[in-house]
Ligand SMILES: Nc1ncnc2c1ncn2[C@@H]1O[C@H](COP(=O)(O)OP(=O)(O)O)[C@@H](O)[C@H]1O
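Next up is one chain by itself, shown in structure tokens, the form predicted on its own.
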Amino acid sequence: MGMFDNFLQHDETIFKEQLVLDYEYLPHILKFRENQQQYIANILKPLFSSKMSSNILITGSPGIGKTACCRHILREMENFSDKIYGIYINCWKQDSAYKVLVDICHQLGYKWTLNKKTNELIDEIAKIVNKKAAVIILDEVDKLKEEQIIYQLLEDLFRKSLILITNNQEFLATLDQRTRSRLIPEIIEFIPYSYKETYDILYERKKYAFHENVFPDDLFEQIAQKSFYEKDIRIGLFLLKETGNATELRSSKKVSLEDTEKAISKISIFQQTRITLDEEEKEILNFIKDKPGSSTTEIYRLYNEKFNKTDRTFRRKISTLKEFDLIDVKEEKISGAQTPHFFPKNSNS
């Protein structure tokens, strides 16, 4: 028997359409976020009549449909009318004012960005957008290195709505007063999916991703339960894909307990790949590891000595470390006041 004789043939696969298991995939109908979508659509409605609209701040933990909801609205909006430009920016990737503006220019079809300064780019964007209206989504907005870009968009664009998406519940408080007073957003908080909602979302993806009779119900339920426990739909999609891959690696046409267990064992790897810290966040984490139990004042002093950044920026960095569950924050009463003290996660201090 040859080395590859047991492999599935080139035209044999348990997957019907693997693409639907990608988190970036946008289903035609976004289940269980209809109320949020309608609320946002109502806020944006005045733009279709050349009127002013409110800005929106969307908060909530990762993997509960914030991005998908907003992208779905953009798609519906663009299918309905050409009166409004729909722009989506991922601030993980475009984390500076210049990168954000270049991305907006490209989405608007303006290609002459080379060697232009940020103030020149915002002028070109305003010339285009102010003839119509725009909805600009800044996803993971707390990852921006320069919050000034938010103020510039608010100030220079006339009929627009900025939709800011963040996992950081305290993001608004980290903005300077001038930006906050100009933004004045409607705040929408997304809550995690219930178990039934998690099950139904993943079941639908499974139905389109795999051929029939591939996934036993009891093994699928394990994946749904794990995704619900982690409060993250992305975990469920990851487990479905990895389970399928493990099944095909065995040259089998039916998922086994061994396949789901192998997939579940990789969750920590998946979670680690989603943790991306910038230089400043890594340094703050190192400060906390070196001096566990240090107060906010002590850690900020070390941070400021090295980077010379504002307290607002420091608080955003701390929020990122908390979001990724890398640090514990314990309140200690000193001189009658509650003072936060930081510990690296799993520290015994």
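All values reported here derive from a predicted model rather than from experimental measurement. In case it trips you up, residue 1 is the first one in the sequence shown, and so on.
Below, we refer to the form predicted in complex with the ligand, which is not included among the displayed structures.
Of the listed positions (122, 209, 163, 201), a single one reaches within 4.5 angstroms of the ligand by any non-hydrogen atom in the predicted bound form, namely 201.
Among the residues 87, 233, 149, 91, the one placing a heavy atom within 4.5 Å of the ligand in the predicted bound form is 233. With the partner omitted here, the stretch from 286-294, 58-66, 309-317, 42-50 that lies within 4.5 Å of the ligand by heavy atoms in the predicted bound form is 58-66. Although the partner is absent from this view, residue 193 contacts the ligand in the predicted bound form, with a non-hydrogen atom inside 4.5 angstroms.
By the criterion of a heavy atom within 4.5 Å, residue 321 is excluded from the residues contacting the ligand in the predicted bound form. In the predicted bound form, residue 205 approaches the ligand with a heavy atom inside 4.5 Å. Using a 4.5 angstroms threshold between heavy atoms, residue 22 counts as touching the ligand in the predicted bound form.
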